[in-house]
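Have a look below at one chain only, the form predicted on its own, in structure tokens format.
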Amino acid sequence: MRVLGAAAIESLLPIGHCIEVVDAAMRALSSQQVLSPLRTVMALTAPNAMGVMPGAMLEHGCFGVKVLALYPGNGALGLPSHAGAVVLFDAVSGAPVAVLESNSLTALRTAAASAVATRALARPGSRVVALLGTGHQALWHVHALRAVLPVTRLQLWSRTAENVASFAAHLGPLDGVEVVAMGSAQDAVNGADVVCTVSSSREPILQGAWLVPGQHVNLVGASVAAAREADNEVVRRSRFFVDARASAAAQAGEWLGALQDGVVGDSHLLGEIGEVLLGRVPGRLTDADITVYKSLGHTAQDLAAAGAVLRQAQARADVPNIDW
């Protein structure tokens, strides 16, 4: 059994490859090729919890589970808020074949999913990206979006100027890209072609009144029904898409809030991103549309990304068997 850590994962799964892996996974999900019970969350000492995400892609030869410790206060300690592992099993023998560190794998596949949705829904040639939130996930979103868009400007906002400065320093110079710290979330959204909310906020940091025709939004940070990064107006004004209908119906706070408040009806959720990729549901209809992709993360993305890493590790003699 291979045990693979962050360094091996990031080396074996370049973001460009990961985008194509996740694209295929979302098509498989919308083609009913993925077994995926809803993830479960077990409360520990508040506010901490443990999450479990099982799934199977038997036509792709694997099944597995991601197990996470969810510790929201870890950021203040310089530690990741999500830590755990993905265990991958062989579909033929049932034997466990790999354990992969989940934080890097999750960051990669989540950013790749946003890139897949952006490639499908944003206006072609979009160049200005706004990031609301400057944590680990934001860093990977920069790399992923640059792989699918000709980005020339990044507009950054976080609740503290120190976080933005630290992020920009860690990001370093990017050839052909102007990196700008903005004074408010609204300032960051102004003039952006693509807006990504990648925060840990449980209350809206993005308001629909700020959006202008033609923008695309990736809602990424909130992943439980009680949390939302965008207000009802963002949902109402948009062509609204999700990664998985079943997950959204139980856990997409922005969607559930707008639905419960009577702002939208069930039909406002137009489809899964996999359905758009397969040509079964139209995505952007005009350059004036505002499009939104609600990302909750899905076990299909974890399994597909873990499988890609494992195949690369098996093909290379220089990857150690244990690298955590």
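Don't overthink the numbering: it's just position in the shown sequence, from 1. The structure displayed is predicted, hence computed values, not measured ones.
Another form exists, predicted together with a small molecule; not displayed. Remarks below refer to it.
Under a 4.5 angstroms non-hydrogen atom cutoff, the small molecule in the predicted bound form has residue 297 among its neighbouring residues. The small molecule is not drawn, but in the predicted bound form it has a heavy atom within 4.5 Å of residue 160. At a distance threshold of 4.5 angstroms between non-hydrogen atoms, residue 205 is in contact with the small molecule in the predicted bound form. Interface membership of residue 221, defined by any non-hydrogen atom within 4.5 Å of the small molecule in the predicted bound form, is confirmed. Taking 152, 186, 201, 166 one by one, only a single residue has any non-hydrogen atom within 4.5 Å of the small molecule in the predicted bound form, and it is 201. Exactly one listed residue, out of 126, 251, 106, 232, brings a non-hydrogen atom to within 4.5 Å of the small molecule in the predicted bound form: 106. Heavy atoms within 4.5 Å of the small molecule in the predicted bound form are found in one stretch of 143 to 151, 90 to 98, 175 to 183, 75 to 83, which is 75 to 83.
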